[in-house]
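Next up: a single chain in structure tokens, the form predicted alone.
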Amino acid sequence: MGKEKNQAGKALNLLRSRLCDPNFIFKPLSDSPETNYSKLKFIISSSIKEACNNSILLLGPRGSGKVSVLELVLGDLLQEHLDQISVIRLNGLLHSDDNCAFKEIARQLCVEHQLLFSKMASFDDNSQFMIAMLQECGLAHKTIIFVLDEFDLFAQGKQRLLYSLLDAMQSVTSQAVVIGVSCRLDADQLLEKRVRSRFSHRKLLFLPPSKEDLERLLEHVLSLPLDSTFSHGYALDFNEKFKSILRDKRFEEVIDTYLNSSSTVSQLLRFLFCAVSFMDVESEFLSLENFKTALLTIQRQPKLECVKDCSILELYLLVCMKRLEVKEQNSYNFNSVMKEYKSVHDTFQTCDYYSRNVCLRAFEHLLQRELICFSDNRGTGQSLEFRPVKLLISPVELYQGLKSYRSCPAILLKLMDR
């Protein structure tokens, strides 16, 4: 038993280390020419080998792997072409000002080529220095790679940096690659005509994983290697049990629920890391419950937490408002809620019935907790009982909150089903 525990502990550590390693996540199919990793590496390596200038945009939502893939490619190329590459990195959040950007480029070039950097150099001095270095590096068959993160921020204002950079790359002697990274899919449309005419218009799109990509990713990340320090029997059993989880429709529902709110690769990896961390070493294998627990843990549900802290009376008022909305009463106020509350009491003879003043205080408490709010601000001079309100919690959230409420009256769950 101790040996199996040890195997399970090693499996847990391996899976967690994989989920934190971009090299493992984004390079599983590096031999395939269809991956963004392969496409980007081909474009940059071709520019280096053929001594030509190039520009490309990496576009996609935040967390889709743009920077991770770019760093993997640059890491590989720096090893393959050690003395032929120089990487200059700028970020639009820090360097969108042209003067600041040119100064940062000059500083990084000086550090790279062991030159003395002057903090007092003017905008024109730094601009001329960059152009001269592009020509010098071109003659020395060395490629300068400019990485412009938050590229769309550089496309604001007069775009002098982009124009100077792309214009200098028109020279036969210069040798550079400009890589723009942006979460705006229309980033190239922000460019001025003079800048756009000098841009190559190459684009790589990073999109949320498809269902097939997702299945491959899960199997790639969460399966144990058979040719490793794990016992062959344990690795086979582990992989077989995980495949049975993948085939389970309940697992598919868990993943779909999570992806409906968080569809990027980085968020998915965070979810998987959380699920793996819930693996019970005693049971030795991943289970469906690990993923269900991770879903409940990782998704913030502040409204549900608020419902758990409500009084029984406040729950009644929330359910009455939900019933009014089902009856298509889109506009209702405290008086309407009280009528519904009395109707429920008269129909089901509930023992939980409170006076109007007590209900009003509970109603005010719901407003303070932001489980309900006023529909508009037009009736600010009106008495509280007459101002229209609306629910800020969905029927699904309310039902889940009632189910998880320890002393919730059974009648409330019945009323939710009606």
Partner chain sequence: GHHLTQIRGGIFPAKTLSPKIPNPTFLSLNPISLLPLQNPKLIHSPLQGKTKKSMADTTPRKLKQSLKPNPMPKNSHLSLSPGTPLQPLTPCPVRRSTRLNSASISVDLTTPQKPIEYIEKSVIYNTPKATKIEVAPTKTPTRKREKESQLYTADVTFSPVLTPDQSEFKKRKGEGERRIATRANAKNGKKRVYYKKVVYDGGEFEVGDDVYVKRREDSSSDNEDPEVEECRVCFKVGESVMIECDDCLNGFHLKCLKPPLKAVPEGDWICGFCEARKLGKVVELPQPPEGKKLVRTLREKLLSSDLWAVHIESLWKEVDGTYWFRGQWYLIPEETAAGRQPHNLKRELYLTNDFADIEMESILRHCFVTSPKDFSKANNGGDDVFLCEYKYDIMWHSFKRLADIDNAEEENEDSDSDDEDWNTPKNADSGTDEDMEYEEENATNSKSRPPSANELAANSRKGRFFGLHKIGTKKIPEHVRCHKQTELEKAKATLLLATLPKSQPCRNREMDEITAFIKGAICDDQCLGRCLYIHGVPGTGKTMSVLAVMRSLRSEVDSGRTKPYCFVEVNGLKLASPENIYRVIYEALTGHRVNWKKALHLLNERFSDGKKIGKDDDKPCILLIDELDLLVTRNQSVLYNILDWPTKPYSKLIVIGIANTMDLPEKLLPRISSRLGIQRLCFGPYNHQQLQEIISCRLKGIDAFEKQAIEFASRKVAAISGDARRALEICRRAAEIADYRLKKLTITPNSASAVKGLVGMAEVEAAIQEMFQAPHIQVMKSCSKLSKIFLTAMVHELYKTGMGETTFEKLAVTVSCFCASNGETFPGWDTLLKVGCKLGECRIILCESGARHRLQKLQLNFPSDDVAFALKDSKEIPWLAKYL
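So that the term is clear: the rigid core is the largest set of C-alpha atoms that superpose within 1.5 Å between two forms. Values in this document were obtained by computation on a predicted structure and should not be read as measured data. Positions refer to the first chain, counted from 1.
The same protein also has a form predicted together with its partner chain, omitted here; what follows describes it.
Novice: Among the candidate residues 170, 229, 347, 79, which is the single one with a non-hydrogen atom no more than 4.5 Å from its partner chain in the predicted bound form?
Specialist: None of the other options qualify; the answer is 170.
Novice: Name the single residue among 265, 155, 133, 179 that comes within 4.5 Å of its partner chain in the predicted bound form, judging by heavy atoms.
Specialist: Only one listed residue qualifies here, and that residue is 133.
Novice: Let me test this: is every residue among 250, 323 and 413 within 4.5 Å of its partner chain in the predicted bound form, going by heavy atom positions?
Specialist: Heavy-atom distance to its partner chain in the predicted bound form: none of the three under 4.5 Å.
Novice: For the interface check, one of 312-320, 335-343, 140-148, 234-242 should have non-hydrogen atoms within 4.5 Å of its partner chain in the predicted bound form; which one?
Specialist: Correct option: 140-148.
Novice: Do residue 274 and its partner chain come within 4.5 Å of each other in the predicted bound form, heavy atoms counted?
Specialist: No, residue 274 sits far enough from its partner chain in the predicted bound form that none of its heavy atoms falls within 4.5 Å.
Novice: Should residue 285 be counted as a contact of its partner chain in the predicted bound form, where contact means heavy atoms within 4.5 Å?
Specialist: Residue 285: no, not in contact with its partner chain in the predicted bound form.
Novice: With heavy atoms only and a cut-off of 4.5 Å, decide whether residue 327 touches its partner chain in the predicted bound form.
Specialist: No, no contact at 4.5 Å.
Novice: Although the partner isn't part of this model, could you tell me whether residue 395 comes within 4.5 Å of its partner chain in the predicted bound form, counting any heavy atom of the residue?
Specialist: Answer yes; at least one heavy atom of residue 395 falls within 4.5 Å of its partner chain in the predicted bound form.
Novice: Pull the contact list for 86-109: residues with a heavy atom within 4.5 Å of its partner chain in the predicted bound form, in sequence order.
Specialist: If the 4.5 Å heavy-atom criterion is applied to its partner chain in the predicted bound form, 86-109 yields only 106.
Novice: If you line up the core, does residue 393 shift 2 angstroms or more at its C-alpha between this form and the one not shown?
Specialist: Yes, the C-alpha moves 2 Å or more.
Novice: Answer yes if the Cα of residue 129 shifts by 2 angstroms or more between this form and the one not shown on a rigid-core superposition, and no otherwise.
Specialist: The answer is no, as the C-alpha of residue 129 shifts between this form and the one not shown by less than 2 Å after core alignment.
Novice: For a quick test of reading the superposition: does residue 181 move by 2 Å or more at the CA between this form and the one not shown, rigid core aligned?
Specialist: It does not, since the residue 181 C-alpha is displaced less than 2 Å between this form and the one not shown after the core fit.
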